[in-house]
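Take a look at this single chain, the form predicted on its own, given in C-alpha cells.
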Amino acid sequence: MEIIRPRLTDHHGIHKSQADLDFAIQFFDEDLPLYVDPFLLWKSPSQQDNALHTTIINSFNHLNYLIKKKREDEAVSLLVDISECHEVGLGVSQTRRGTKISKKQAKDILNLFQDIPEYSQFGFTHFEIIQLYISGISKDRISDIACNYLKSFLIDYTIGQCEIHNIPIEGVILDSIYNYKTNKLDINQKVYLPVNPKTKEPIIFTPKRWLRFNTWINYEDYFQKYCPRDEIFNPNEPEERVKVLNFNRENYGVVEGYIEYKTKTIEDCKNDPLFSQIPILSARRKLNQILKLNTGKENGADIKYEELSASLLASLFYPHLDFAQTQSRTESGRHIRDLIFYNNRDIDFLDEIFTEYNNRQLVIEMKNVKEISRDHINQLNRYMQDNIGNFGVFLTRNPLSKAMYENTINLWSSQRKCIIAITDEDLKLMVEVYESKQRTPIEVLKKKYIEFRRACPS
C-alpha cells in the first residue's frame, strides 16, 4: 500500500514523529526546503560541531593553497565537484537532483583569493560570505558545499541513527567523498546507507540542529540591514545586485563589518524547525474567521475554509500528527480538498487506527457545507478504499444528521470502515484546549471516535 508523499521513516514502519528524531526526515520524491548553515556549527556549544566547522573552513581555504601553487585547474575541478550534494535531500528540487556550478562560477569564487588581499593572506573565516561577492551563489550552494566537506562525518552519523531506529541500510557506491587528509575526492566509494526504495539512490541524514531556511550570513539580509546603498546607487537608480557585488569586492571593510554585526547578534541565530505551530492568538483568530464564513462556495468561502482549516489543524495536531500536505482530487467533476497527516502512532488512539483500520496516514476531507449528504459519505468511502486506510474524518460545519450518522454506523457494521465528523463546536473545543495547554487537541478527535464506537453495535 503506497502512502502519499512518502518519507523514509514511514516507508520502513518507523513510527516516530519529526519532533522525536535528531535528523530531518527526508522525502523520497523531493527536497526538504532547509539548508545546512555553517554558522550554526561555528556557534554551537558542541566542540565536535566547532571542529567540523574548522574542517569546512580549512578545506575551503585549501583552494587558496592550490591557486598559489599554480594548480588552478585542480581547484576549479574540485570546487565544481563539491557544489552539489543530492544525497542529503535539502533544497527546493522536485526531483532531489540539482546541478553543479559552472567552471566560470568556480573561477569567479577562486578569484576572490586573488582579488582581495585579506582572503589571499588569511583565508576565509566564514566561507558563506562568498554569497556577497558572487552572482548565482546562495544558501543552497553553501549548504551543498558544506555537506560535501562533511560527507564522511554525515555517513557515520547516518549509520548511527539507522542503528538507533532500526532503519535498513545496504551497500551503495558514492561518486565521491571528500578526504580531509589529502584534500581530494575519493572516487567511487562503497559505503552502507539507507536508500530510496524506488530509485535505490543513497540517502544521507543531516542533524536538525544545523538546519535553517536561510543561512545566517546571506545576501538578502546584508542588503536589507547593512548594505550602504547610498554609496552604491545614485538617486532613483535601479538597485541592481551586480553593483552591490562589485562594491563589496572593492570594500572588504564593509563586508567584514557585516560579519562583526552578525557575530554580535549570534544569540538570535537558531536552527529552524521543520514545522512551527502557529501562536495561540493566531489559532483563535483563524477559528473566528472560520466561524464567520458562510457555508457553500459563494465569494470563495469554501476555499477560505480549506486554507484556514489546513493551517489550524496542522498546528493543533502537532506533534502527534506530522502534516504531510493538502491534496486536491476531482471526483465526478467536483473538486475535493483533503488534509493528509502521517500517523506516528505515538498515542493509543493513533495506534488503534493503525492496527484496526490500516491507517499509516490520516485523511481529513474538508466540507464547507451546511449538511453532509449521502453523496459526501460515499465519496469518502470510495477514497478510503485506495491507499489511505479505513478511518476517515470529515471537517465540516455541523453535526451529521441522524440519518447520515446511522449511515456511517452501517458502514462500520458492514465494512468496518470508520467515518467521524469534526464540527465547528469541536474546533472551538480544540482551540480552547490548545490555549489552556492542559490537554492536547487530538484528544478531542479521540473523544469523537470513542463516541462513535459506543454507538456502533457490539
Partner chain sequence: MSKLYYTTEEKAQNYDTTMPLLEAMYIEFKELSKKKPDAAVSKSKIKMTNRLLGKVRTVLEDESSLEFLDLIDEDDVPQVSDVTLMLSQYVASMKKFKNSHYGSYSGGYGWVIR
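Positions refer to the first chain, counted from 1. Everything numeric in this text was worked out from a predicted model, so none of it was measured.
Absent from the display: the form predicted in complex with the partner chain. The rest refers to it.
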Partner contact check in the predicted bound form: of 62-70, 402-410, 425-433, 26-34, the stretch with a heavy atom within 4.5 Å of the partner chain is 425-433
(message) Within 4.5 Å, heavy atoms only: does I450 come near the partner chain in the predicted bound form?
(response) yes
Report yes if any heavy atom of K446 sits within 4.5 Å of a heavy atom of the partner chain in the predicted bound form; otherwise report no. yes
